[in-house]
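The chain that follows stands alone, in the form predicted alone, written as C-alpha cells.
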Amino acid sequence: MSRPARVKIRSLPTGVRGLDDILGGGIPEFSFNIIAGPPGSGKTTLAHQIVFANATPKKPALYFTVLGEPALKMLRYQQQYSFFDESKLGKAVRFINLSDVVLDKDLDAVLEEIIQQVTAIGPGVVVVDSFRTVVRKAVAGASELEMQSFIQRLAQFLTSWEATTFLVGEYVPEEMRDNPIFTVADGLFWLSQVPERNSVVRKLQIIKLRGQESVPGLHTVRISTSGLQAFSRTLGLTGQKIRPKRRHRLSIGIPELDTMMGGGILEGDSLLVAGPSGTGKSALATQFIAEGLRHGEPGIMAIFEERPKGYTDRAGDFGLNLKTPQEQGKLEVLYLRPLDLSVDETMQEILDAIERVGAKRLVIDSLLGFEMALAPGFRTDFRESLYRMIAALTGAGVTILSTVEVEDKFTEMSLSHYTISFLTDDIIRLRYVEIDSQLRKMMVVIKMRGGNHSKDIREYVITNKGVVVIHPRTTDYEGLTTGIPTRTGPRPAQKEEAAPEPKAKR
C-alpha cells in the first residue's frame, strides 16, 4: 500500500533581509502567527514589511487597526521606509479600523466584522494591530472560556480561508504561560530592546514555528531606512564553500617573509599578526592587500581605529597606491567604528563588500578596535563570535589577515589577550628587543597549519617602502624572545651601530 504524499507548505517571503534564512525559508503559508514585544521594538514595521512584500491586487492584505495608532498616522511614518509602496494602498493593501466595534460591542461582533471583511475581500495576508487591545477590552466583559473560544474560532476561520495571519501585540514573556493565544499560534516572533550600559540592542527570537526548522537563539535586528534587517547568529556558517584540496600560496608582499612562511600564506587561511604598538602591523597588512591587487586579487580592508583617508594616505607614504583600486572598484576600505555594533552586523557588512568587489583578500585592523566598536553585551562573547566570523569568511574562500595589539612585557611573548590563537591558521609575532641600548624590531613565524615554516627570528625595519626584513645580523645573543637578550660572547671592538630604521616620509 502506497503512502499518501506529504502536504507541501509553501513559504512566503518576509521582505526583511536575513529573516527568511532565520525562519528556514520564510513564513509558512496559511499559518497563524503572533508578533510580540514591548513598545518601540519594531513590531508594526515588521508587520508592514511582510504585508508589502506579499500583497497583490488579486490576493490583497487586510490590515485591521484597533485603538492604537490611526492608519493615517501609522502610514505617515511607515512611508519613510524604502519597502513602502504607495501604489499598493487601497488595492493590494487595505486598512480597516475596528476601533468602534471593539469599544461598543462584544467579541462576537468583533469576530463577525473580521469574517465579513475577509469574506468580501479574500485576502492572502491578515494583520490585527494591536490584538492586545482587543484582549484587554474583552477581559472586562467576557470570561476566560469565551476568550479562548474567540481565539479558536478566529484562528480556525482565517486558516480555513487560507489567509496567513499576524496578530501584533505588546506582551511580556510572563504572559506566554497562561495566555491561550500563544497555545493556538503556529508562529511566535518575539522582538525586544536590550539596554546594555549606554547602548540599546534590538533582538529577535523565533520562539515557535510549526512545521519548519528555524534558527534558535537571539538574533540581532536593526531598523534603518530600509526597515528591519535581521542578522542571524549563524550568519555565514551555512552553505560554505569547501576548500580545494590543492591551494595556492599567496605572497604577503615581503619576499623574505614569504620565504619564512614556506612560500607565502595558503589561500583561504586566516593569519594573525600580533605585536605591540608601532611594530608595523598595519603596514604589513597594507602590503598584504597591495600585493593582492598587483596580482589581480580584489581586497577589503575593515578598519576600526583610523579613518579611511588617513589609512590610504599612509599607504601612499610607502609607495602603495590604494586610491586607484578604490576608484576602479577593486578595493573597499570599510570604516566600522560605531559603539553598538554586533559581530553579525559587521560580518554582513564585510560579506556584502566581498560580494560587491569579488574580494579574495581581507584585512581586519584591528581586533582590539573591532571589540571596542561592539555593544557591551557582544564583547563578553567576542571570542565565540570571532570563531563564527572567521569560519564564515574563510568558508567563503577569502584569505584573512587580522592584526591584534599585545603588550610587550619583556618577560614573556604572549600572542593575544583574547586566547584566540587556536582560531587562526597562521601566526606572525612582532616584538621589540633591546640590543646595545637600541630598541629593535624582530619577527618570528609562530605557527602555520598545513606547511612547514622557518624557525628563525629575523630583524626588520620600517622604511619608506614599508616593512623590510633585513639579513640576520652577526649576533651572539640569546633570549631574543624575552625582549631583553643576553650576550653570549665578548663585546666586539667596533663602533656603535647606528639605528637601522629611518623614519617614513610624511
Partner chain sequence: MRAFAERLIAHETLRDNASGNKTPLAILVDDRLRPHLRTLMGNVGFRALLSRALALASAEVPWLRAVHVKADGALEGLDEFGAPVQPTALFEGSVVLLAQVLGLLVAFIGENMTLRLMREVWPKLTFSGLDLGAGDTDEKKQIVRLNANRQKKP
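Positions refer to the first chain, counted from 1. As the structure is a computational prediction, the values presented were derived from the model and not from experiment.
Separately, the form predicted together with its partner chain exists; it is not shown, and the next lines address it.
Look at the candidate spot formed by 443, 454 and 460 and say whether its partner chain comes within 4.5 Å of a heavy atom in all three of them in the predicted complex. Per the other structure, none of 443, 454 and 460 touch its partner chain.
At the 4.5 Å heavy atom threshold, is residue 356 in contact with its partner chain in the predicted complex? No, residue 356 stays farther than 4.5 Å from its partner chain in the predicted complex.
Taking any heavy atom pair closer than or equal to 4.5 Å as contact, tell me whether residue 278 reaches its partner chain in the predicted complex. Residue 278 lies outside the contact set for its partner chain.
Would residue 82 sit within 4.5 Å of its partner chain in the predicted complex, counting heavy atoms only? Output for residue 82 is no: heavy atoms all beyond 4.5 Å of its partner chain.
With a cut-off of 4.5 Å between heavy atoms, is residue 318 one of the residues that contacts its partner chain in the predicted complex? No, residue 318 stays farther than 4.5 Å from its partner chain in the predicted complex.
Check each of 225, 87, 198, 324 and return the one that places a heavy atom within 4.5 angstroms of its partner chain in the predicted complex. Answer to the contact question: 87.
Its partner chain isn't shown here, but in the predicted complex which of 312, 97, 193, 152 has a heavy atom within 4.5 Å of it? Spelling it out, the residue with a heavy atom inside the cut-off is 97.
So which stretch, 250 to 258, 156 to 164, 89 to 97, 217 to 225, is the one near its partner chain in the predicted complex (non-hydrogen atoms, 4.5 Å)? Stretch with heavy atoms near the partner: 89 to 97.
At a 4.5 angstroms cut-off on non-hydrogen atoms, which residues of 257 to 289 are near its partner chain in the predicted complex? List them in order. Result: empty, none.
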